[in-house]
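Only one chain is included here, represented as structure tokens and corresponding to the form predicted alone.
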């Protein structure tokens, strides 16, 4: 029985982490070694046909998390399960079988495509790799069908990537990802390199494809307006950890973590009439190789106290099912919209 049939999550991550050894000071091999915790104990799940938005500032670990979810990186700790089964070891036949059902959509479509090959050849390349026995006629039929599904014309198959617009190239990347009929797409900033007018077209295309194919998405982005439009659930990351996680509408309507509040305060369209103004986030994120003690956000948080420096807050569940990692938000104090309870 699949996750779609049983109502269980299609994708689950349990405490996944990715740590890198780095040189923190000194020159060359004489520098002091440190540990950079790019991802540090992330737990999340994605249901079939739903979208999880993964948001946060640059360097918070969003893209690394996406690669861990696909098995493109080996976690330092934790486990990822797809359709109830642990991800197989990268490079094995079992992993390749799983990867047919999990695909990545990259930020830069031109960089994701080979400029020396026609787009038709590149869209069909996954079929050559995973279904070598497929006839040329059947493969070409699938290529044309996928191109039509993403809004491309048959004549585009003979074009090279540089001959297409940015929006058309992203549609090519989507067609290539969809040709193996996956159930999950990890979209890593898929519209940030596109013009604003083209961004809306690609977002609408993703929504239509999800409805038609019951696709699950992990949508990684720093654009909260787009995340609100496309996501069913949202996970807010800061310095490798999730600080707020829950249903998208309640999170945008009533943010509880001070970091989430500060991110949303920078978007005029989500500030409600009469709601208290919250100052946008100040300063730069700390060095992930040398994070602050206790709560990592305390150096930028206007409500930080000595407790925040001593103890890192754990994610706790609020009455609406949302999870928040803040000492000043508890199930009893989370009822005041738009601000952190004192």
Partner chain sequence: MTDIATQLPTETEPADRHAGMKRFFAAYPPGVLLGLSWILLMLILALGADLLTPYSFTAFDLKARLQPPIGMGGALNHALGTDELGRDVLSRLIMSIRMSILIAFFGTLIAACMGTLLGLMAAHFRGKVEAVILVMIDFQASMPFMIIALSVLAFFGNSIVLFVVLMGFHSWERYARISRGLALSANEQGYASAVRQLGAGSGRIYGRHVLPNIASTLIVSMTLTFPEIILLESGLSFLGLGVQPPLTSLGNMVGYGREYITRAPWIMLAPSAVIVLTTLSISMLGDWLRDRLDPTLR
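Numbering follows the first chain given and starts at 1. Note that this is a predicted model, so its numbers are computed, not measured.
What follows is about the form predicted in complex with the partner chain, which we do not show.
Student: Are all three residues 72, 102 and 160 in contact with the partner chain in the model of the complex, where contact means a non-hydrogen atom within 4.5 Å?
Tutor: The answer is yes: all three residues contact the partner (heavy atom, 4.5 Å cut-off).
Student: Counting any non-hydrogen atom inside 4.5 Å, which residue from 212, 114, 195, 249 sits next to the partner chain in the model of the complex?
Tutor: Contact with the partner chain in the model of the complex is made by 114 alone.
Student: Name the single residue among 155, 130, 89, 225 that comes within 4.5 Å of the partner chain in the model of the complex, judging by heavy atoms.
Tutor: Result of the distance check: 130.
Student: Using a 4.5 angstroms cut-off on non-hydrogen atoms, would residue 176 count as touching the partner chain in the model of the complex?
Tutor: Residue-level check for residue 176: yes, a contact with the partner chain.
Student: Applying a 4.5 Å heavy atom distance criterion, does residue 125 contact the partner chain in the model of the complex?
Tutor: Yes - in the model of the complex, heavy atoms of residue 125 and the partner chain come within 4.5 Å of each other.
Student: Any of the heavy atoms of residue 142 lying within 4.5 Å of the partner chain in the model of the complex?
Tutor: Because no heavy atom of residue 142 falls inside 4.5 Å of the partner chain in the model of the complex, the answer is no.
Student: Heavy atoms within 4.5 Å of the partner chain in the model of the complex: does residue 253 have any?
Tutor: Flag for residue 253 set to no.
Student: The partner chain isn't shown here, but in the model of the complex, which of 115 to 123, 142 to 150, 259 to 267, 228 to 236 has heavy atoms within 4.5 Å of it?
Tutor: Looking at the other structure, the answer is 115 to 123.
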